[in-house]
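Shown next as C-alpha cells: one chain only, the form predicted alone.
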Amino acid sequence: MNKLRTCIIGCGNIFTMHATPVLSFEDVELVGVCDIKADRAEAAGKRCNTAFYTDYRKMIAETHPDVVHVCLPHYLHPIVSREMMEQGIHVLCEKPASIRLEDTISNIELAKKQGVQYGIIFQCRYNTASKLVKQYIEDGTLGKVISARSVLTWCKPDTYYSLSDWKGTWDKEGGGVVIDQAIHSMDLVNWFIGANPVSVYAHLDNRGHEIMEVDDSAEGYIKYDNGATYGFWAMNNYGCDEPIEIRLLCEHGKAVLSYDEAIITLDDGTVIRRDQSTVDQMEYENSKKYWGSQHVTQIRQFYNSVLGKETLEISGEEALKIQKIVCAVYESSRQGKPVLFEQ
C-alpha cells in the first residue's frame, strides 16, 4: 500500500497532538519534522524516528510530502499554509487559520485553485459531549438553539507568557483569551446554533497581566439571523483551569456541557448524560487536559478526505465561520460599538 508522506512544521507544545496520531496510522508515513529551535527539532525527530530539520523549505524539497501539518505561531499559519498549497501539498493547520480575516479567505481560494485539502483544527467538535448535543439539535430532540452562553475561566499567568517569544503579542498571536483559548467554546456554540451571525457587541481588556499586551478578559453578545442569541464570558487570569461551561436553551429542552460531559434535560423530564469516558481515548505525551483526546479523530478524518474517502468536515471554509466572529469581537472592542455582518 502506498502511504501518504507527511511532514510536521513546528515541534512545540502542540506537536504531540499531531505526531502521536500520525504515527499510529498505517497509511501515513511521517518523513520529516521541523523547528527553528534545533534542540526541539532533534528531540522530535528522534522520538518519531524520522528526519529532522531547522529549515522547513529544505525539508519539503528533500522529503516531497503529500501532507504538511502547520503547528506554528498564529501569524505564521497563513503564510506557511499558503506556501505549501502553492506547491500542491495538502495542509492541516492548527487554529486559528490566521490573525487577519483576509488571509483565511485568500487561502481558501488558493486551496480550491490548487485542488488540495485545507483543514483547520477544531478538535472539540469531535468530543462525545459535543457530538451528542449536535445530534439532538439536528434530529429535533432538542430543536434549534434559542439562547446560549459560554463561560471560560483558565489560568495563564505572566510566567506562561514569559516562556513564549510570540504569545501575548498582537502582531504574532493576534490577541489573547479570545483567539487562543475561548475560540474553541465559541466555535462549538456557533456550530450548535448553525445560523449566520447578524451582530457582535464585545468588550476586551487586560486586567491581570503585566508583561503581555493582549486581552485576558472578554465578554460579548452575538445575535443570529434565526433569532438565536449567544452571550460569552472568558478570562485567563483565574487561579486555575476550570472546565469550560456551555449552556443552551433550546426549543424542547436545555443542554449543559463542558468539553468532557453533556447533560441534556428535555421538557418532558427526560435526562440524558454522556461523558468522554465512554469512548477509547488516545494518550498524548505531555498533553494538556483541556486539549482533549480527539485530535486523532479530526486528523483521521482529514486524511480520509485526502484519500478521497470522505468530504473534509472542518475545512478552511468551515473554520472561516468562527474566524469572522473572532475578528468581529476584536473589532467591536476596538470601536466600542456593535459590529454588523454583511448578509
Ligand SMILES: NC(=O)c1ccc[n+]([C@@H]2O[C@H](COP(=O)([O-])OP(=O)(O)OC[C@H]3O[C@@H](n4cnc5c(N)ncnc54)[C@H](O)[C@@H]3O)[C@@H](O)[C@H]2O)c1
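Keep in mind it's a predicted model, so treat the numbers as computed, not measured. Counting begins at 1, following the sequence as shown.
There is another form of the same protein, the form predicted together with this ligand; it is not shown, and what comes next is about it.
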| property | result |
| --- | --- |
| Contact stretch among 194-202, 143-151, 73-81, 108-116 - heavy atom within 4.5 Å of this ligand in the predicted complex | 73-81 |
| This ligand contact in the predicted complex: C327, any heavy atom under 4.5 Å | no |
| Contact test in the predicted complex: K167 vs this ligand, heavy atoms, 4.5 Å | yes |
| Heavy atom of K37 within 4.5 Å of this ligand in the predicted complex | yes |
| Non-hydrogen atom contact A255 with this ligand in the predicted complex at 4.5 angstroms | no |
| Of I264, V214, I121, A129, the one that lies within 4.5 Å of this ligand in the predicted complex (heavy atoms) | I121 |
| Contacts with this ligand in the predicted complex - residues in 175-199 whose heavy atoms fall within 4.5 Å | D180, H184 |
